[in-house]
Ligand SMILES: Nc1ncnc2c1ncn2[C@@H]1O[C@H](COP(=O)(O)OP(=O)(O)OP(=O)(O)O)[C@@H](O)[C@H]1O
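Here's a solo chain for you in structure tokens, the form predicted on its own.
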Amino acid sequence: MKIATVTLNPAIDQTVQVDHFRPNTVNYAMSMLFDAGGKGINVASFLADAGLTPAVTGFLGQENADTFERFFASKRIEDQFVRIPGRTRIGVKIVDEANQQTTDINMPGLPPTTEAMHDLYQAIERLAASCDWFVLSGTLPPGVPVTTYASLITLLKQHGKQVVLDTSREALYEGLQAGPTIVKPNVDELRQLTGQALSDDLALEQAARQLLDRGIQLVVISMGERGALFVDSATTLLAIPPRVMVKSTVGAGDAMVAGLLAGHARGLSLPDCARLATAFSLGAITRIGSHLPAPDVMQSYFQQVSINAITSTNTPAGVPRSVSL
């Protein structure tokens, strides 16, 4: 099983570690790193750490593409990015490990030309010849229609490909209309999508099931330290992670996507896919940058994740009932 990720608006992540960060005053940094970033690139990085050989495409600014090229070469990631004039944006991540908080400052990104958009579609057509799964993730750059992910999903489904969609706002709404295989909103994104408060797990499950009616096969709702809900037509699973020391929350959702696909590649059941996806997310938040810990640490995380099957039918007053797996 080969996987390609599409990142239309990548970034160089400037991660600054500042314990007890305070706004509106002088802060003193402990360290600073520059890493190739962007949601799809993060997914590919985690997949590469898991022993897979993903491909990546999207748009890269010509003037600082070397940061990404070195990263792809170091992880043996197949580079199919379209180069465009200018410099890829820098996103600043202020990591306060002492308070377990991360502050993001994101720039809008480079607008691609019409010719670059044409080149992107050609790159995706080429990748469709060898890749089984595609991950479309992250924000859209300026000037790109909000229907772009929907168009790509339609194209890929015509080629018989499976698609994961992980984006937000209008791009998420439009993309859902095309029926990706898997969608992974967080709670806030699902609230924006439905216009509902979604104040408990039952409301979240019901919102996810409304999406399944559109032809989507699996909805994964990431809920931060509470874990994640995995909802398909037959099952709702709640994956509960153990408590860990958080170094950075950057890339946690991307790691979850990577773990889910790594589970698919290994032929795991949905409960074990959910367990592996959550373990990947744990691996991400305990490190700086889009890298997994050593295999023995990952195995320990996998074993510590609890999976509960949630049922809301035939229970008093519709109260959800959980069964450990």
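All values derive from a computational prediction rather than experimental measurement. The first residue of the sequence shown is number 1, and the count goes up from there.
The following text describes the form predicted together with the ligand, which does not appear among the structures shown.
Comparing 278-286, 262-270, 65-73, 23-31 against the ligand in the predicted bound form, the single stretch with non-hydrogen atoms within 4.5 angstroms of it is 278-286.
Out of the listed residues D132, E225, E78, E170, E225 is the one that sits within 4.5 Å of the ligand in the predicted bound form by at least one heavy atom. Only one of the listed residues (A207, A252, A178, I124) places a non-hydrogen atom within 4.5 angstroms of the ligand in the predicted bound form, and that residue is A252. The closest non-hydrogen atom of A258 lies beyond 4.5 Å of the ligand in the predicted bound form. Residue contact with the ligand in the predicted bound form: T148 places no heavy atom within 4.5 Å of it.
Of the heavy atoms in V244, some are within 4.5 Å of the ligand in the predicted bound form. Within 4.5 Å of any heavy atom of the ligand in the predicted bound form lies no heavy atom of T102. Residues from 38-56 that approach the ligand in the predicted bound form with a non-hydrogen atom within 4.5 Å are limited to K39.
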